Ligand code: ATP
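Shown below, as structure tokens, is a lone chain in the form predicted on its own; questions about how it binds or moves come after it.
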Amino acid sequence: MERTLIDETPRLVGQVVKLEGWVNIRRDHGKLIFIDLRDRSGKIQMVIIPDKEEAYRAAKEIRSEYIIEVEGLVKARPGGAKNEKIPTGGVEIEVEKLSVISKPEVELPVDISAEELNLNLDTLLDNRTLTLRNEKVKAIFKIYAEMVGAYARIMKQSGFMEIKTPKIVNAATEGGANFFKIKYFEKEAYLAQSPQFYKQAGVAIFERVFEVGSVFRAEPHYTTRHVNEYIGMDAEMGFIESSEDVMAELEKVIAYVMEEISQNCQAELEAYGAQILPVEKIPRMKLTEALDILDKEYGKKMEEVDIDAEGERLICEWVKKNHNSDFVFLTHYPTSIRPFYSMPSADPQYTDTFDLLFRGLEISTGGQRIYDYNQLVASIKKHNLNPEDFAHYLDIFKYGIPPHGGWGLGSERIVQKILGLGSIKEAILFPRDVKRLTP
């Protein structure tokens, strides 16, 4: 008999099926044994009666997380006692045969059948290979998968070509000190801080490119918003006039991705009490304007033209109140705090760049890039870097490239804010931070 997936059972009432999956929980009620079984498609209740002696005897030994195979009759729940919480709640399986495929070798350190794990973050992550089996935890990554898939769909629909770029590079993309240095045979190399240089090369070849891939930052932060490896959703586009073209494209992408998550992940969103508002025109304001609002409305003064985590949270609070938007673009960041490839604005103190904030957190940085070779060399020197270290990157501009710009999106931060997770690490299958290299 071929295996049937659990979500197929509601249309097979009256038929005998074979199911394989994990035991979520076993419950004994009088002489009856109930087992909730799950597979990749869903969860279903099974009942084992004493008359099925071999199955009953096997069921007596079953514990959570046993992997089993069963054969049984699909029946409508007696008395119309439908479980409204799951799609298969109107049916159950009357088990005729039951066998164990695999079982845990140790006592489970965590009861993952609970609706709420209520674990501290270290316990959650130390037992990650087990806690990821919890239904509510799995919901995070169903939303994550939908987000990444939707991002790829809208990018391709908009004429962007997907590329994959090297993660071992010969120069630190952003400069500074936030890079991982590695031994590369007889040379020194770095883990890529972003795919920036290769995205720009892609513009000179394909005009519009995007990538979903790993990004590494050697930032010694102990915060709820930082990790040392994350998945970036990047894009670069040619023949633009300013960063406004980039923001308009990103706005379209964000609207599509949020709508797809809202439509296709309703059960997962409900598990977290999460709601996604339709994304329309995202407000834009210069960073200096945002700092004025922080000063006047919240009495928060910044010593420099920059914004910190509290400032991002407060300006999003103000935008939500005054524009009913969960998003805001902050534009025209100072040249001194932006990478050397950032295009200066009309006032050279500032750049034609932006950050996109979502519910109090920066999720994207982007803008227009310098595309003139000589201007770029001068900017590298101005940032106290050596143009010789960027020789291959500069070749892109020697051979000519159109005006262009793009963005990098932090995928995990988006999911964190959609679901209101306490830490970005909860939105990563196996996170890497200052202290964590395992599991």
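Just so you know, these numbers come straight off a predicted model, no measurement behind them. The first residue of the shown sequence is 1; numbering continues from there.
This protein has a second form, the form predicted in complex with ligand ATP, left out of what is shown; the following refers to that one.
**Q** Scan V328, I363, V169, M247 and let me know which has any heavy atom within 4.5 Å of ligand ATP in the predicted bound form.
**A** Checking each option against ligand ATP in the predicted bound form, the one that comes within 4.5 Å is I363.
**Q** Scan K52, R413, R26, R38 and let me know which has any heavy atom within 4.5 Å of ligand ATP in the predicted bound form.
**A** Contact check passes for R413.
**Q** Looking at 290 to 298, 226 to 234, 140 to 148, 342 to 350, which one sits within 4.5 Å of ligand ATP in the predicted bound form if you count heavy atoms only?
**A** Heavy-atom contact with the partner occurs in 226 to 234.
**Q** At 4.5 Å by heavy atoms, is each residue in R217, G408 and I424 next to ligand ATP in the predicted bound form?
**A** Heavy-atom distance to ligand ATP in the predicted bound form: all three under 4.5 Å.
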